[in-house]
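Before any questions on how it binds or moves, here is one chain, the form predicted on its own, in C-alpha cells.
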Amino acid sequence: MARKHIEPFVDRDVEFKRLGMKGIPSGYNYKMLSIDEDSGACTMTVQWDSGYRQPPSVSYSDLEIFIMDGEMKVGDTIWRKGGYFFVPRGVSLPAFSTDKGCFALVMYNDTEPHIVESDADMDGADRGGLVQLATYDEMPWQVPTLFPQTATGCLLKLLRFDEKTHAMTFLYTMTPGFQQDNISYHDCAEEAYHVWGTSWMMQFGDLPTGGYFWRPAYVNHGAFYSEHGILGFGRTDGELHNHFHWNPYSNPEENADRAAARLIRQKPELNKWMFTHDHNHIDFEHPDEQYSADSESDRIHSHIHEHMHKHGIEHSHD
C-alpha cells in the first residue's frame, strides 16, 4: 500500500509524541506527517530534547534528515539550521548529540523508524551515496531545469538526485508575488513541507509554515500564489515532469490516461516495445536487474523485510 493522499496538513495543529521504537534513546519527540501502513516508511517532524545522545548506528532504511532549528553534533562536526543528510541503508552514522535541542524533518524511506547500534557499515552498504550538505551557506539558488518550466519566481536547491530513478530531494522557494495560474500533475508522488511562509492553492486555500502534503501521482494541484514568498522542502519518488493543463475537475485516472496518450504519441516505438515483450525489460545500465510494472517495488520491500527479520526487527503500527 502506498501512502495515503494527505493534503493539506499543518503540524503546528498537533502535539509532539514520544517515539519509543527499537534502539532509539529517550528524548526523541515526533509528529507523524505521513506513513506507509505496510512498510512503516514515514516522514516526521522531530524535536530532539536538550542533551539527547544517540550512539553510532545503522538503519535498514535510507534515511534523510533536514535541520530546521538548533544544532546537531554528528561525529566531530556541528551541523546547524539548513544541514541536510542522506544516509543510505546500512551506512553507519556516527554518534550524534544536541546540547540545546534540535528540530528537523526526518524521513525513513523504506521501513519504520529504528536504529541498530553499530560503528561499521553493513555488507554491501553504499557509502558513496552518503550526502552531507550545509544548504543555507554553501548552495546557490538555481532556476529549475524541469520541463515544462514553472512560472518565473520558483527557484531550487537540488539536494539529492537519484540517477537510477530520477527521484529528487530539494529545497524550493517561491519569491514574493509568485503566481502560476494553470493546473498541474506529475507521473510521480511528491511531498513538501513549508519551512517558512504561506502559499495559496486553489484546491484548499492557504498552506502556512508547518504545512505539509503527500500527493500521489496524477493528482491535480494549482493554481498557486504566494504574497510574501515561502521556503519549502520537497521530494519526489521519480522524474518530476510538469503536465500543465486547465481543467481543475479532471481526476487521477483521466490524468494518467492523458499522460499515457502523450507517451504513445511522442514515443510510439518505445510504447510498442514495452507491450510486446511480456512486460519484462532488461536495464543495460543496471545489467543485473530486469523491470516490470511491479518488480522494483517488490524487490526493494522483499530485500528490506529479509534483513529486518534476520536481525529481529519487527513492524509495529501503533
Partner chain sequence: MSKKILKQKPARTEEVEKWVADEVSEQRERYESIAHEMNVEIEPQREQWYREFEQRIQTTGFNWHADNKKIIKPEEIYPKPDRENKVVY
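Residue numbers count along the first chain shown, from 1. If you're wondering where the values come from, they're calculated on a predicted model, not measured in any experiment.
As for the form predicted in complex with the partner chain, it is not shown, yet the points below apply to it.
Contact with the partner chain in the model of the complex, defined as a heavy atom within 4.5 Å, is made by all three of M122, F244 and N251. Heavy atoms within 4.5 Å of the partner chain in the model of the complex are found in exactly one of 129-137, 233-241, 178-186, 71-79, that being 178-186. Interface residue remark: K17 is counted as part of the site for the partner chain in the model of the complex, having a heavy atom within 4.5 Å. The shortest heavy atom separation between I35 and the partner chain in the model of the complex is within 4.5 Å.
Though the partner is left out of this view, T150 does reach within 4.5 Å of the partner chain in the model of the complex, counting heavy atoms only. L158 falls outside the set of residues with a heavy atom inside 4.5 Å of the partner chain in the model of the complex. The contact with the partner chain in the model of the complex, taken as any heavy atom within 4.5 Å, belongs to G90 out of G90, G210, G101, G229.
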